[in-house]
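One chain follows as structure tokens, the form predicted alone.
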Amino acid sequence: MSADENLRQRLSSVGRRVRQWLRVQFSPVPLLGWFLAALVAVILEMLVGTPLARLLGMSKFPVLFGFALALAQPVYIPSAIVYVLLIYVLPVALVARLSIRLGNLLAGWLMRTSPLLSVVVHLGLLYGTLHLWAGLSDYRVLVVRLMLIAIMLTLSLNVVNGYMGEFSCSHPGFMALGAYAASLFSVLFFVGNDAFGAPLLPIGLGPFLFPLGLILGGAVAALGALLVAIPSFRTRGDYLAIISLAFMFIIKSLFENLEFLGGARGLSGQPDWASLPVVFAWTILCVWTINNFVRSTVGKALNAVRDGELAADAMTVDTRRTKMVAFFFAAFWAGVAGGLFAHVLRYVNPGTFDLKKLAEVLAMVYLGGLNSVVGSIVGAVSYNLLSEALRPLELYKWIIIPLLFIMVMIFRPTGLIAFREFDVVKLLHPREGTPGHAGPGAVEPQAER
């Protein structure tokens, strides 16, 4: 055996032992424990983040876990590593490990009391952590809001490209329809401009009626999906991809030539109603709705169409209806995401919804993995954080990211997390073999008579 092979085997053995040790130490930690640990780390950063950063020689705390700062100024790499270890890694690991018993007891009590209460507590902790973390910097707020919108886009495209097995390139077009429809609703009724004149309604009503504008954007995008859904009855694969790509260019060209919507200059003046709580609430609603949709009878019919349309039709699956519902559903959520996107940036331009946006959404879907709600969430979060962390590299960023995707496709051709169901009830339960664990559907033991 050569020296290189011996070293490779030793490193592999060490890696297996480390993974096994981590699994033994942290597999009993429930989701509630991880959320509590993350909240503690964020509070710690609020209290001592700036003094610690200055003590380590940095002018301010790193906004993106030190990656952007280290790439912009490599001299700060040691300081950024120490900061992340002291603020995030060690506190999260320590709190998660120490709270195993308490976290499992609390998770078990919440599930026995009310599963809905357990969901509310977990979502409250998640939002509280995001809110506090993002509140330390306006840049973080923008990153989090765009990341949540990316989750909605990735999930909606996964319905068609993953669960139904088609290859659609029309999502930027759906997003554009939703963005312009929601923007037109806000500007026409509550803001006004030179093209539309005075607003038709008092601006004070705007935040309360804003959900109607987002629903309108989703509905317009769903109607636009007819132009893609109907040709899908007779085409599949590359042919449908070409049709959907043509749809994207048609929508982009349409808005470039509509002067009352700003034409190629774009439309601005959208009110700042897409705050972090609003975007978070719509993202949770999207995740919940799409997860239920893909686990329903229609979702199983989508899988049947993907595996074999002729066989699905022979098994009494209405393939045309299934395709129509899938395209409508995916386009609706893409339109809602587009409406939120326009109100986050407070500006919308036809050039935004081009091949680059298509490449980003497709990259997030296939990075996370097809046929997986969890995979879509992981893909969207990973891509957005990676893209922002590498922003200081400018042009080299678009060399590094494709190379990383190539590596992922070589070693994980199905994506990071593919073909995995998102079982919320199982996720909220205590971990097996820990205090308070009863398991999904378990019955509490009765007292002796």
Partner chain sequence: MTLLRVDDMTHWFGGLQAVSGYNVAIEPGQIRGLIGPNGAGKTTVFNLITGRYRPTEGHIFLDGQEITGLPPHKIASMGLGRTFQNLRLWRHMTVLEHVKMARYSKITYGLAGAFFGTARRNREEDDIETRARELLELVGAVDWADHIVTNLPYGMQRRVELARALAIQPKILFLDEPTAGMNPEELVQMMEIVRLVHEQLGLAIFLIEHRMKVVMDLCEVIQTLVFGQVIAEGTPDEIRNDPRVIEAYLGKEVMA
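In this text, all values refer to a predicted model and were calculated from it rather than measured experimentally. Positions refer to the first chain, counted from 1.
FYI, the form predicted together with the partner chain isn't displayed, but the following is about it.
Candidate site formed by Thr50, Ser79 and Leu85: none of these residues places a non-hydrogen atom within 4.5 angstroms of the partner chain in the model of the complex. Partner contacts here mean any heavy atom within 4.5 Å of the partner chain in the model of the complex, and among 180-188, 131-139, 245-253, 311-319 they occur only in 311-319. Ala301 is the sole member of Val361, Ala301, Cys169, Leu110 with a non-hydrogen atom lying within 4.5 angstroms of the partner chain in the model of the complex. Scanning Trp273, Tyr366, Phe353, Phe329 against the partner chain in the model of the complex with a 4.5 Å heavy atom cut-off leaves one residue, Phe329.
The closest heavy atom approach of Arg295 to the partner chain in the model of the complex falls within 4.5 Å. Though the partner is left out of this view, Asp423 does not reach within 4.5 Å of the partner chain in the model of the complex, counting heavy atoms only. In the model of the complex, the partner chain sits beyond 4.5 Å of every heavy atom of Lys357.
Using a 4.5 angstroms threshold between heavy atoms, Trp288 counts as touching the partner chain in the model of the complex.
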